[in-house]
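Presented as structure tokens, the chain that follows is alone, the form predicted alone.
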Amino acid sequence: MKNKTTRDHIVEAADQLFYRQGFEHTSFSDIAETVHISRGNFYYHFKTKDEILDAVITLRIANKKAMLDQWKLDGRQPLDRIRSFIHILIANRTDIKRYGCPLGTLSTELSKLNHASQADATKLFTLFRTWLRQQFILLGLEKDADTFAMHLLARSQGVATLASAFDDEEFINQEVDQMYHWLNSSIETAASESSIHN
């Protein structure tokens, strides 16, 4: 693994600050202070906040791709991999309760700002949508694969939003259990219908 450069540290700090404070409310000074560098050193790497935003989105996409690749290695079956996606709500529940979902909050903020990078932020959702659809196809649910993928994305975003709004960690646990139940029953129903038609 390569040693992290000053630029890497700036982007990682910006990533966290954009999540916790929002893109609009994070200043160059906030990021420079977090990384413990001078403003001059900061400007050597990034001239504008939009440049940092692009780098943050690129980092998030790379991190999510690595996570999906790891889920593929860890999960022997597509069902296990989908469950890993659902479990991310539990794994990140403390941050989600406090700040919401990093994907959803950034995409929503950039949409409100009518920011040029909003389409790039949406690529994170597309990444998960495509990956989930592929898992459902591997489960033999090709006809409804995209519908199921979008349902899980929508439900996870709703859970994150409401858990943050109501400051309710137990709500996340309950909803995750229901999502597991929905997943199992959907697969059982599809398998039953398939056996009827065959």
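Just so you know, these numbers come straight off a predicted model, no measurement behind them. Position 1 is the first residue in the sequence shown; the rest follow in order.
What comes next is about the form predicted together with a further copy of the same chain, which does not appear here.
Proximity of residue 71 to a further copy of the same chain in the predicted bound form: non-hydrogen atoms within 4.5 Å are absent; the residue sits far from the partner. Mapping the unseen interface onto this chain, residue 20 counts among the residues with a heavy atom inside 4.5 Å of a further copy of the same chain in the predicted bound form. In the predicted bound form, a further copy of the same chain sits within 4.5 Å of a heavy atom of residue 24.
Although the partner is absent here, residue 159 sits close enough that one of its heavy atoms falls within 4.5 Å of a further copy of the same chain in the predicted bound form. The stretch in contact with a further copy of the same chain in the predicted bound form, judged by heavy atoms within 4.5 Å, is 149 to 157, chosen from 61 to 69, 149 to 157, 38 to 46, 135 to 143. Every member of the trio 98, 107 and 126 reaches a further copy of the same chain in the predicted bound form with some non-hydrogen atom inside 4.5 Å.
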